[in-house]
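One chain comes next, on its own, written as structure tokens: the form predicted alone.
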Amino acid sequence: MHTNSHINPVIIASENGRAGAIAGMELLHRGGSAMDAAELAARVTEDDPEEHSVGFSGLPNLLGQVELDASLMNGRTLESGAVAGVQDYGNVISLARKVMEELPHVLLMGRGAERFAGEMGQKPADQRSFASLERWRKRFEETGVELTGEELRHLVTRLTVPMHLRDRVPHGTVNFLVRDSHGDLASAVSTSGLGWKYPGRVGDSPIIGAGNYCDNRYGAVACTGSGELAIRVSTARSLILYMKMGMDLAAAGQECLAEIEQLSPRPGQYMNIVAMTPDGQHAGFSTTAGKRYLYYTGEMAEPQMGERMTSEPV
């Protein structure tokens, strides 16, 4: 950990992280740690009923159930905590932190994570909202699909492939990369996952190394989009390793985009990445043009948006 107490705090986030970033920066200005700020920022997003890709009111799976995933990583110690497939409990980012602090594990899933939430004093809370269930019903109406005895594996393919290439399947995740005034880094990722997913599907968000990675020595990285892509090539850890091996931030991000493109993504699949170096440099990357990300330093009055870089032509 750095001893300089005058390091400028920084928060990098996905585009939907504005309210969380503001809350996190207020905490950093009061001397809060990167871990505390990352957790708080994610909680704010999880609690927002208008954010249908994270936490309460998140996108349901095929059966209309909201299943939540999250992970948190400490850049100074490389300690990590994660949960996946959590139903009927909110604030899964805080549950992920409890996994890191209270158990000799990194990842809990499903019933075990829900049991642990109860042991940690969390009260059960239905994460479905009227709005999220209406979006679920509307998707079935749009595609003419009926939830009958037909095997779910056929339904999930029909519902998660866009009817038009411009009609992207709902994905959703929030990313926060944080540097505090001591120079410590932390990263937080929370999501309700792919809309209309097969029950039990887990994306990259709770997978350390795929959707989230943080190391004080080299930087922090988090992903949103089609988690299957990031899992297949370990995107978050790969970007960190490329910087460890000497690439600058932009080159490392471009290399990760190239790896994603080599997977020949299905129609509607895409990947967004945010990254930050220990000295506060930051960048966003995307396989889709026109995507943005949020950045907020301790000297700024409010968060700003930056353009994500896309793959360079070969």
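As the structure is a computational prediction, the values presented were derived from the model and not from experiment. Residues carry their position along the shown sequence, with the first being 1.
Unshown form predicted together with a small molecule; subsequent notes refer to it.
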{"item": "Proximity to the small molecule in the model of the complex (heavy atom, within 4.5 Å), stretch among 219 to 227, 104 to 112, 117 to 125, 91 to 99", "value": "219 to 227"}
{"item": "In the model of the complex, the residue from Lys244, Arg232, Arg201, His182 that sits within 4.5 Å of the small molecule by heavy atoms", "value": "Arg201"}
{"item": "Exercise: Gly193 in contact with the small molecule in the model of the complex, heavy atom 4.5 Å", "value": "yes"}
{"item": "Contact test in the model of the complex: Gly85 vs the small molecule, heavy atoms, 4.5 Å", "value": "no"}
{"item": "Touches the small molecule in the model of the complex: Thr173 (any heavy atom, 4.5 Å)", "value": "yes"}
{"item": "Touches the small molecule in the model of the complex: Ser71 (any heavy atom, 4.5 Å)", "value": "no"}
